[in-house]
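In the form predicted on its own, a lone chain appears below as structure tokens.
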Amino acid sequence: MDNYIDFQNVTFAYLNEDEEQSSAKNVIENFNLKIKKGDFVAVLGHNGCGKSTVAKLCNAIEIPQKGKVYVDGLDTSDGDKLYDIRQKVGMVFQNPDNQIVATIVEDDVAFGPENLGIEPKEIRKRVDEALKSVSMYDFRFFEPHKLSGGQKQRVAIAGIIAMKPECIVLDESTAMLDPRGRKEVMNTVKMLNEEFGITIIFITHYMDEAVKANRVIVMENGKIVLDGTPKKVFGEVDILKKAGLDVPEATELSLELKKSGVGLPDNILSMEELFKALESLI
């Protein structure tokens, strides 16, 4: 697999109107990150660690002050490539209400393709396919404000899918949802990655969501402090605690049981794994 997102020595700071780059505090500095096509990457870290900045740099919402970000080989600082980059990388944000632009679900999903100038027959096809892919087709004539938070977020994801991106960046997209809504969105995202091969960059502070990814990145103070498979990353409990992060509930419980003398294997990440391990001991 080739690198699809490529950060090369990126430095970025948020500047006030009267502030110069030399006096601004860098959010990330000399930052490097490569994400392969088809990956499902979860990015963890406390507020202010730089993870949302990384998300915005992925589709040129923000542009590096130093260094380069490439999307499928396209330089995000090249204004002539902005349209192509935004087609390749779709963004889903935290508050689903801020992403709803129409009064009917199917009209909302059609909004993006319409702005791309796609012909009506193709839009109709894309809207239906996108809504079916997130299990929201039966709600196509509903008013968005009558949907649950999880359903609204799935509609927002359908709107991105209808634009046929190769990569979707979700920036804290489950933060405002209840547990059921979070589960709905996670199941949808995992399906899009596994069945359609869409590259997923999932910014979250929920450890149990990060477990679903095939790669986990932990950030602290604008730097990557851990990078690897979920089992590898969540096995580094001391580093996670130092970064102010927890481990998944099943991991925490298994560690406490091991301290009590229960012979459990290392790196248990889910309740299913924990139940199976306990069952084998009985």
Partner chain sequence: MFRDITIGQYYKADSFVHKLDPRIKILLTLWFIVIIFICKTFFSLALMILLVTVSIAFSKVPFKMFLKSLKPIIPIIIFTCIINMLYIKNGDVLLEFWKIKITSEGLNTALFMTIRIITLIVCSSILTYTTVPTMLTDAIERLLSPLKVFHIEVHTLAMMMTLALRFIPTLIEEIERITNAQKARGANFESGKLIQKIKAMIPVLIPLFVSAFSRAYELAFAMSCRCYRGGEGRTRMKQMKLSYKDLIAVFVFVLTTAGVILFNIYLKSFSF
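Small disclaimer: the values here were computed from a predicted structure and weren't measured. Numbering follows the first chain given and starts at 1.
Keep in mind that the form predicted together with the partner chain is missing from the display, and what follows is about it.
A.B. asks: Can you tell me whether S77 touches the partner chain? I mean in the predicted bound form, with a 4.5 angstroms heavy atom cut-off.
C.D. replies: No - in the predicted bound form, heavy atoms of S77 and the partner chain never come within 4.5 Å of each other.
A.B. asks: Check F139 for me: does it contact the partner chain in the predicted bound form (non-hydrogen atoms, 4.5 angstroms)?
C.D. replies: Taking the distances in the predicted bound form, the answer for F139 is no, it never comes within 4.5 Å of the partner chain.
A.B. asks: Contact with the partner chain in the predicted bound form for P120, defined as at least one heavy atom pair within 4.5 Å: yes or no?
C.D. replies: Yes, P120 lies within 4.5 Å of the partner chain in the predicted bound form.
A.B. asks: At the 4.5 Å heavy atom threshold, is R124 in contact with the partner chain in the predicted bound form?
C.D. replies: Taking the distances in the predicted bound form, the answer for R124 is yes, it comes within 4.5 Å of the partner chain.
A.B. asks: Under a 4.5 angstroms heavy atom criterion, identify the one residue in M163, V211, L177, I200 near the partner chain in the predicted bound form.
C.D. replies: The option sitting close enough to the partner is M163.
A.B. asks: State yes only if every one of K190, S254 and E279 has a non-hydrogen atom within 4.5 Å of the partner chain in the predicted bound form; otherwise state no.
C.D. replies: No, the whole trio is out of contact, none within 4.5 Å by any heavy atom.
A.B. asks: Exactly one stretch in 67-75, 203-211, 181-189, 109-117 has heavy atoms within 4.5 Å of the partner chain in the predicted bound form; which is it?
C.D. replies: The contacting stretch is 109-117.
A.B. asks: Need the contact residues for 32-61: heavy atom within 4.5 Å of the partner chain in the predicted bound form, sequence order, or none if there are none.
C.D. replies: Going through 32-61 in order - heavy atoms within 4.5 Å of the partner chain in the predicted bound form - the hits are K56, N59, I61.
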